[in-house]
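This document starts with one chain, in the form predicted alone, laid out as structure tokens.
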Amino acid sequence: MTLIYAGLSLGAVYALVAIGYNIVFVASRSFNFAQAQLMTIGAFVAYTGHVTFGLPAIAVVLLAMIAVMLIASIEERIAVRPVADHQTQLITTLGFGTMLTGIAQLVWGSQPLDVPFVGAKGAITLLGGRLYTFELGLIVLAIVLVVVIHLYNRRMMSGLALVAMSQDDEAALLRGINVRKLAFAAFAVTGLLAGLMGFFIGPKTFAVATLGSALALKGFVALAIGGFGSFYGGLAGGFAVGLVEAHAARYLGSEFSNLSVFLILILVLMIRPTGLFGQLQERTV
């Protein structure tokens, strides 16, 4: 069980990246490849708030969420809105993420920084296995976020509007939905959540400038396995990637962990190209 918990907590980190990808994808059918770097900035801000300023936990969370939300809003303005097609947006958001990595190295250096966890720091025993409280917090956070976002998209008017945009943005515009405003709001919300996620992933991954590059790739793999546009799929894909990576490293060696993950990705896409929870959409042209 201890190995399973380790895989689930690592997979929760990947699932959180996939959640951020999906929010923007549902709103605009494009990908924000700077999402993992935004989470990394959130971890650095959490470290600064905790260690440098000695702020209480609530203030640190709010600081991280607001700071990253502002950065995500700037990204939408300069890297997404001026670009017409989604393919070019992949490049501009990737470039923005690379810029964030460079800024993080300049401000905080290249050495890993230990982000304190506000809860109990010791390991606990659960169903015969041991895990740290921050690992349990990551798993719970990923599950709760997916449930909340799913309910929001199904029961709130703005959530239904986002789903309508994902189906046909032109038809949504004709129905009076402010497509540009909702797309901007989606980026702002992903920044807000990235700050919150950075606060929780910091104790697990440490705050290091190169973290975003590693998380971006594994988060995209989790999204591809689960299915684009499916929040539950992103959660399942993240857990699957984490479990495969943990078990491969334990029984085959750390050099086989990444290979095993991408082998699973290829097998899933060969059997179900849309992912485990993705749906093939047909459109009359």
Partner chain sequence: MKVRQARWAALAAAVLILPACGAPDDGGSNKASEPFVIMISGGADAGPVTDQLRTALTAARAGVATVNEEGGINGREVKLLESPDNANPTKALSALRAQIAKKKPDAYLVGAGSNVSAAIAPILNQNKILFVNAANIAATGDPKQHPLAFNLAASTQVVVEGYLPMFEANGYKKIGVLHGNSAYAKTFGKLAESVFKGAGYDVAGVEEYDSTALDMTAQISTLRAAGPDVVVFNAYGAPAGYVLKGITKLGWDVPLLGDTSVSSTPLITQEPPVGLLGSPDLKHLKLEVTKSTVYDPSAEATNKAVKAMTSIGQIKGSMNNCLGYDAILLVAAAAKSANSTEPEAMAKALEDPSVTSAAGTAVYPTYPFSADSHEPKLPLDTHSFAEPGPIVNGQLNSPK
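For clarity, every value in this text was computed on a predicted model and none was experimentally measured. Residue numbers count along the first chain shown, from 1.
The next section is about a form of this same protein that is not shown, the form predicted together with the partner chain.
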- Query: What stretch, of 147 to 155, 104 to 112, 86 to 94, 183 to 191, brings heavy atoms to within 4.5 Å of the partner chain in the predicted complex?
  - Reply: 104 to 112
- Taking heavy atoms only, is Y47 within 4.5 angstroms of the partner chain in the predicted complex? yes
- Give a yes/no on whether L10 approaches the partner chain to within 4.5 Å in the predicted complex, heavy atoms considered. yes
- Query: How about A123: is it within 4.5 Å of the partner chain in the predicted complex, going by heavy atoms?
  - Reply: yes
- So in the predicted complex, does any heavy atom of N258 sit within 4.5 Å of the partner chain? yes
- Item | Position in contact with the partner chain when the complex is considered in the predicted complex, options A240, A246, M65, A224, heavy atoms within 4.5 Å | A246
- Query: Tell me, which of I143, V118, L136, A214 has a heavy atom within 4.5 angstroms of the partner chain in the predicted complex?
  - Reply: A214
